[in-house]
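Same chain, two versions here, written out as structure tokens and called structure 1 and structure 2.
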Structure 1
Amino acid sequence: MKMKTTIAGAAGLAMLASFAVSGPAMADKLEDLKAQGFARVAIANEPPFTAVAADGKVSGAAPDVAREIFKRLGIDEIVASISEYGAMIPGLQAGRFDVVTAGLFMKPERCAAVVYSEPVLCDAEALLVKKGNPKGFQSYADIANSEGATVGAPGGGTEEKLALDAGVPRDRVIVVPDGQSGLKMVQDGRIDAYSLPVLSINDLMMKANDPNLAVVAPVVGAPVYCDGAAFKKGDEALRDAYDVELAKMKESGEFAKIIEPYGFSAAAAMSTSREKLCSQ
């Protein structure tokens, strides 16, 4: 009896000891994702950054880069959830996603809230307007200075903040849930302009094929932004592993092969850094 207890006692101690050395505290997110078999990514469904086809297939430059990198890290699948830009960081922090791969542009306030990879997709900003740009918009300040003019933008998105910072009153910056809604609102005259990055507006314009629309690009005075994959604070080891593979793909030309058919420039992403973008 005593022996059994002793053996049980010894087994219990051995188990505790192994727990102490390599228990959950030591496991990092990469191991968790390998065990999970997939990475949960947040996207916006805004082509060409991110896209979900009618059959559910996820594509777009950001998920395609992420899928390849995770595969190299031993995680074969990505599972995407569509989110509004303004909800991506809270969702990441709440553990709803493992990473944001959506064209979430690096800005100081976002860099303080998450852990970004090195740059992936860079783009300037654009305005979708009526043919002939009747109110002569070239900048967000022009919209601010045009009596009663309204601009649509994604909730919690970069364009919303640029318009507000340029002095467009809150009630003239209209939160628009997605590209198709923004397009229709301009076509119907419910907003005077709809703002997204240049490649996103161009994609909408191409698909709409509407001669009564025009594009103002780039928006004068708005910076060129770049995104990165955004990880939760505490997942620096996963971010670092991601960056190692991203750097290899940039070096080998595989990075360019993925993003340039979508219209993005690999050189633009390779010419800057997280450090620069997070301090702008």
Structure 2
Amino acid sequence: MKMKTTIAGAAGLAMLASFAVSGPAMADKLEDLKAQGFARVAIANEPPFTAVAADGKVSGAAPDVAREIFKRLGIDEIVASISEYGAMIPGLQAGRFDVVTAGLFMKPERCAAVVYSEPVLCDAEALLVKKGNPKGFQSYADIANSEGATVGAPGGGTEEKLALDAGVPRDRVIVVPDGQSGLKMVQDGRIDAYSLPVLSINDLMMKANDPNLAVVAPVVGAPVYCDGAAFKKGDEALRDAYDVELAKMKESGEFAKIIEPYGFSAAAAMSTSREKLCSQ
């Protein structure tokens, strides 16, 4: 994991403030940032989306993606500032940041306030199954249609509701108290699949280190929640340039190489769109 960018201290923030737009905005924000030499990004301290070490160094999937894209756009560095989620959009609108890269999931009300890039980091639903996915599950409907197949899920959680809504009979949706229990039940063959969000399932897999297990993600037909880089309204040209490089990285596989070591699914981000997420 790369950890190169540092958070601006008080003196650094004061210096950054001098770069805030005080007069008429430049017609091309991208050229402005190139001349500035860096982009100011708002982040949270919420691994694996973003992470801040004790020495102030920044890592996490969101900053790493942003850093690479800005480099491709001719902007050498990003300078990150920690912000509460509720303060990110007001700070962006006030010109304190150039972009938010922090796991700020797209919602219609947010999409009305800022301009998002295409999806970057997503939290979708996943299934933990035996190696090779012997029953071929890709969706909750597949489980419903597989005679006698069972799925474990947290009681009262999204996954339980999604399974029931897909037609899995109540007696085949097994309430599981915690992740370790669900993993053990799949290992022992007591359930055919265990369902949690992608990041949670990947974390279980990493800790279990069991080559006889596999992950199906994202679950077809289940909701996908994604963030994107958020830009100030009026900076659509910068957002569009960002999207061009993001699309190239997705196509080349570089995007997956950056985010998947953190536990995110590149396939999940590529399975949806800004337009869809902003209308949900």
Ligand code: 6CS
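All figures in this text were calculated on a predicted structure; none of them were measured in a lab. Along the sequence of structure 1, residues get numbers from 1 upward. Definition used throughout: the rigid core is the maximal C-alpha set that superposes within 1.5 Å between two forms.
Enquirer: Working through the pair one at a time, identify the form predicted on its own and give its number.
Expert: Pick structure 2; the other is not the form predicted on its own.
Enquirer: With each C-alpha placed in whichever of the two rigid parts fits it better between structures 1 and 2, do residue 279 and residue 174 end up together?
Expert: In the two-part motion between structures 1 and 2, residue 279 and residue 174 are assigned to different rigid parts.
Enquirer: Superposing the larger rigid part on its C-alpha atoms, how much does the smaller part rotate between structures 1 and 2? Whole degrees, please.
Expert: Rotation of the smaller segment between structures 1 and 2 is 86 degrees.
Enquirer: Having superposed the rigid core, state how many Å the Cα of residue 224 shifts between structures 1 and 2.
Expert: So the C-alpha of this residue moves 3.6 Å.
Enquirer: Provide the displacement, in Å, of the CA of residue 198 between structures 1 and 2, taking the core as the superposition reference.
Expert: Residue shift at the C-alpha: 7.3 Å.
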